[in-house]
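One chain comes next, on its own, written as structure tokens: the form predicted on its own.
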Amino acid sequence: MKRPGIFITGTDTNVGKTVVAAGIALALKERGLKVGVMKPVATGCEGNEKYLVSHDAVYLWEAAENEYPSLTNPSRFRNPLAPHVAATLEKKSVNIEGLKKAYRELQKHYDFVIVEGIGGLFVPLTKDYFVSNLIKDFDLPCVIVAKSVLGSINHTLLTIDAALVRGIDIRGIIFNRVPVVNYSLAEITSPRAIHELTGVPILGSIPEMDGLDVSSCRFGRLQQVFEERIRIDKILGDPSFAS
């Protein structure tokens, strides 16, 4: 049976997709939902070849308190590169059917599944299969994570256009690492301009936070910030989850 969920993508790498995915997981857990998380493909992993570990995947797994780590992150590579490139260098491959199978299995165990992509929509998982293809095959709407700095309008509009052309439903945009002091004019105006130009909802913004660190699994005030600043009901989509 198909379960509701969301796919977290970004305008680029290192925009904060992992923090956003973890924040959603923490907020939904607080609402009493059993939340599954998935990082289908991770690069830049550490450890020996048999036991490569992704800090991003561990962060999600800890946030959601999941029981199935092998399903959370089925494909891992050491080199911090696009998966297709890393797989080629490491003489491995990304098993697309394996990713789909892991996702279907996760759906059986959770009320809502949060999937974090890698990089943006056009990051290649194989020579002819991209993150955008995975979103379509998982049949999930997406949340776009962006920064509000100079250049964000172009990057975000390109991502929105690519998603819409491919028939991907966009629930909205979350802006990450928004400064609370010493902000620039671009950081003030970009989110509003993006909404006015596209009509895509702005789901909220996440400020710079102390006590938040993915590599050491520290969440700080992440749950509280999501409850206060992010439109969780819009992410859920299904009114039956809104209570």
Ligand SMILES: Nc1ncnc2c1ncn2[C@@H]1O[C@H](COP(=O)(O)OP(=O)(O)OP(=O)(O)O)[C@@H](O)[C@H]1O
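Given the structure is predicted, the values throughout are model-derived calculations rather than measurements. When you see a residue number, it is the position in the sequence shown, counting from 1.
Below, we refer to the form predicted in complex with the named molecule, which is not included among the displayed structures.
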Original post:
Is it the case that 15, 208 and 214 all touch the named molecule in the model of the complex, with a non-hydrogen atom of each within 4.5 angstroms?
Top reply: yes
Original post:
Would residue 24 count as touching the named molecule in the model of the complex under a 4.5 Å heavy atom rule?
Top reply: no
Original post:
Could you tell me if residue 177 has a non-hydrogen atom within 4.5 Å of the named molecule in the model of the complex?
Top reply: yes
Subject >> Non-hydrogen atom contact residue 74 with the named molecule in the model of the complex at 4.5 angstroms >> reply: no
Subject >> Contact segment among 113 to 121, 96 to 104, 146 to 154, 163 to 171, judged by heavy atoms lying within 4.5 Å of the named molecule in the model of the complex >> reply: 113 to 121
**OP:** Note that the named molecule is not shown here; using its position in the model of the complex, name the residues of 51 to 67 with a heavy atom within 4.5 Å of it, in sequence order.
**Re:** 56
